[in-house]
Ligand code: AMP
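Okay, so here's just one chain, in structure tokens, the form predicted alone.
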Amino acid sequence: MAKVETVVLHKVMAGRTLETLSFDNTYARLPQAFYARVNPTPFSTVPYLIHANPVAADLIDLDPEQLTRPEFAALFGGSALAPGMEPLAMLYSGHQFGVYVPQLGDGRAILLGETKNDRGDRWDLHLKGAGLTPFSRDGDGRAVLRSTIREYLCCAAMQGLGIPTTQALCLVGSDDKVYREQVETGAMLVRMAPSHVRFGTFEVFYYRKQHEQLRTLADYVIDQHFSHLRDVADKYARFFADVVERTAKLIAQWQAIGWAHGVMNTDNMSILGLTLDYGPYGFMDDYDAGFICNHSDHNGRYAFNQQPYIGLWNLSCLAQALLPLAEKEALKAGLEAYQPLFDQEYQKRMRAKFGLVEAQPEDNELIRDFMGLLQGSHADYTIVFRELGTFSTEENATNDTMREHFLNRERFDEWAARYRDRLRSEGSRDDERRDRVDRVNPKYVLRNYLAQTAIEKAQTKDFSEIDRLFTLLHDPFSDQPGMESYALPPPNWGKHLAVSCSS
């Protein structure tokens, strides 16, 4: 097996290079109980760069020219370590499909270290698919090309949509064989986030009755990421209230855009309110409130319409883990704020999707009835909302383009008349509203069939579709010449693709 070398690279240009990236690992300063120190296991074959993200590179002030250097693929493909990196696998536990699992942890990912940009922002660099760790259980510690492409592209999609997410710096491939349902090639992905601490990181110390470790973790997270609470008397309860707010707003954004996570276990919930751990996710094609994107979710626990409730359920698990640190009533008050926060954020975003500026009591019913029309017709969620921008408030307008999406045209006509009256009541102008609506209703989303097309091409070492989708998804609201086909409904083979946790 190849050995990971600590290398000092030769500086080749001015500015922030691979050599001048300053690495640290504040998580490694925590007690040993929080992690296991372990180096990445290099591929047995030479790693090669599949794609690199200049937007993420900019977050750590890395010059884009560095992304094409051979040393870049070595450093972020598990073959080399830079000075200051202290690789470790993070410990956590979690509730998986509602059942508590006492120990999980990074089974195929390794926290390389942190780097700070010139603005003072810290970013964790987390290498996924980096090989065995003490928390791998029965796994091999590897990731496959298929799953890393899906995560890489969805990070770009969420970033383009403005939804809080982990970032993906790069995708590194290999010719190593990895065994899943079939033989596939291995790949590694560098995930970036200010922190990779999860709800389950708190749970493991609570259930082990290691309350001092729990306090150490909470103090660390507050000091690093909630610094406004450092010297507050009830800082733990207020920290929890902040997490509740971030989580409620995050899930409201998922619901508004029509995106399902698929595996909302507590170990997949970010303490910072970021979208974390892209497995069997799915953007909605035909609208179905009960959409299940994970074919392993036989009971629909993580169906699309269950996500708001599961967010609350997961927060209740976090609240329980914080009981040794905060008053029960204060934590309960934090939980009780979740639903109003979610409702407020969701309603705000849905009003924006409909082009409504003022909030009116009848808006909820108007929106709910439209969603019922979508459900009854299995109309395409993204396309129909995009076409809302074309809606005319002229008296004799039939809005035929939208009307064609609905099976019950009479019911649509009734709804359209109410919508027209509602728009007129606030003096909405069609041309101005279209510009506003098009800025919140994307033309392009990462449909499963688009990701699958990129995967199949990449398996022949044609990475052009990854690059094309990466560029497209960073600007999903604009009309992009020559890309109209990417805004069409999926072909028949692309509907209902089976996606599992191994994806």
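Quick note: we count residues from 1 along the sequence shown, nothing fancier. Remember, it's a predicted structure, so these values are computed and weren't measured experimentally.
Below, we turn to the form predicted in complex with this ligand, even though it does not appear here.
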Query raised in the report: in the model of the complex, which of the listed residues (G105, G113, G258, G186) lies with a heavy atom within 4.5 Å of this ligand?
Result: G105
**Report entry** Heavy atom within 4.5 Å of this ligand in the model of the complex - residue from G139, P340, G427, P83
**Finding:** G139
Report summary line: Here the chain appears without its partner; judged in the model of the complex, the stretch of 362-370, 260-268, 295-303, 393-401 with heavy atoms within 4.5 Å of this ligand is 260-268
Report task. Would you check whether this ligand, in the model of the complex, lies within 4.5 angstroms of a non-hydrogen atom from each of Q96, R180 and D277? Result -> yes
Requested in this report: Answer yes if any heavy atom of F406 is within 4.5 Å of a heavy atom of this ligand in the model of the complex; otherwise answer no.
Outcome: no
Query raised in the report: F385: heavy atom within 4.5 Å of this ligand in the model of the complex?
Result: no
Query - this ligand contact at F205 in the model of the complex, heavy atom, 4.5 Å - result: no
Requested in this report: Give a yes or no for Y92: in the model of the complex, does one of its heavy atoms lie within 4.5 Å of a heavy atom belonging to this ligand?
Outcome: yes
